[in-house]
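This document starts with one chain, in the form predicted on its own, laid out as structure tokens.
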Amino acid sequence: MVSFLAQRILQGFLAIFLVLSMVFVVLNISGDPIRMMLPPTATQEDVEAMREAFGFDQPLVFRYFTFLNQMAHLDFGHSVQTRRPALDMVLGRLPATLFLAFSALFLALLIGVPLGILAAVKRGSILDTLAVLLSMVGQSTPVFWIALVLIFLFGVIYPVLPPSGYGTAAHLVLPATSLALFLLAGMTRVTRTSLIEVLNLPYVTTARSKGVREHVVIIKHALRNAAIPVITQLTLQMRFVIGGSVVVESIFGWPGLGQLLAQAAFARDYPVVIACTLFVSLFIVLFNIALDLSYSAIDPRIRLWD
């Protein structure tokens, strides 16, 4: 197991290195942040002085090796816009993103998994039809459209919830629901499909023939063996929430990592973009490793290491 973990961690570091390198190259060939930061009346001498202060006067190859040295020491430099340390800005926004992500995921699990179980058990019923319809609509509807509809309904027509902001439980409802409605559609579909396959297996029929109660058959026997696709879907959804929260946080004014990344990308604030990308990539790698370990925890027959 130790060798397996070491291998997966090494692969994760390699993936993060490649992602950060690609982001560095794209950012450096996409435009000049100094021109965006200075007013139109700035002279060429002002531009050159600012470039020298931030190190943009150096050749790209030299800046890349400087960048690698900074990454090795977790030194992202200072924001081009605010002059604050980029790492401090990211760490200050990270709790808000994690809070939103886990709230949306908990809501999706709370509704999606039970709904998928009921749809599988009552296959062909009206409930099953509604669950399948919900999955199709939820998976095909963009998150930003869901967010705008919720703002229009509960922030404009029936102004019972704040359409933007951060700080109270009421501010969490709309952004978390926007993400959760998209997530629970996938959770419902995967849970239903996986459980239907397991309920048709011989050991489930044998358990029923022995007089085992139906809820015990479903929860103890069927659901545990149907859990691997559900866990996989859960991890994929979590990666989406962490990496794709840019739109939701920007729409609702949620001061998280996604909003910071969007603002920094538009302003070509290189240090902040790199710091945000590192943390997003790190979380995705950690989720992938946790997914691999969960397979063996759920089903001991799955051995990913010798």
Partner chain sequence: MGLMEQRIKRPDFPATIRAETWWRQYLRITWRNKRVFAAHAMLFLLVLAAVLAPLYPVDPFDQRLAQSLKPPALTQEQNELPSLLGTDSLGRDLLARLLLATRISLMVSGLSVLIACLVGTLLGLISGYQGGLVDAVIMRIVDALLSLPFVVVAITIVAAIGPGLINIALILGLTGWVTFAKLVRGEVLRLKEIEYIEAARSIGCSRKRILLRHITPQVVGVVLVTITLTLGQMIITEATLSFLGLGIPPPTPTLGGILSDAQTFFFSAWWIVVFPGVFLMLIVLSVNIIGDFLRDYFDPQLKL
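It should be emphasised that the depicted structure is a prediction, and the values quoted were computed from it without experimental measurement. Residue numbers count along the first chain shown, from 1.
Same protein, other form: the form predicted in complex with its partner chain, not shown, and the subject of what follows.
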{"query": "Its partner chain in the predicted bound form reached by all of A120, A226 and L234, non-hydrogen atom within 4.5 Å", "finding": "no"}
{"query": "Contacting member of F154, F99, F144, Y166, with respect to its partner chain in the predicted bound form [4.5 Å, heavy atom]", "finding": "F144"}
{"query": "Candidate from V137, V160, V216, L74 lying within 4.5 Å of its partner chain in the predicted bound form - any heavy atom", "finding": "V137"}
{"query": "Contact test in the predicted bound form: Y64 vs its partner chain, heavy atoms, 4.5 Å", "finding": "no"}
{"query": "Contact test in the predicted bound form: E197 vs its partner chain, heavy atoms, 4.5 Å", "finding": "yes"}
{"query": "is_contact(W254, its partner chain) in the predicted bound form, heavy atom dist at most 4.5 Å", "finding": "no"}
{"query": "Close approach of V23 to its partner chain in the predicted bound form, 4.5 Å, heavy atom", "finding": "yes"}
{"query": "Its partner chain in the predicted bound form: contacting segment from 145-153, 166-174, 86-94, 100-108, heavy atom within 4.5 Å", "finding": "145-153"}
{"query": "Those residues of 252-269 which, in the predicted bound form, come within 4.5 Å of its partner chain by heavy atom", "finding": "L261, A262, A265, F266, R268"}
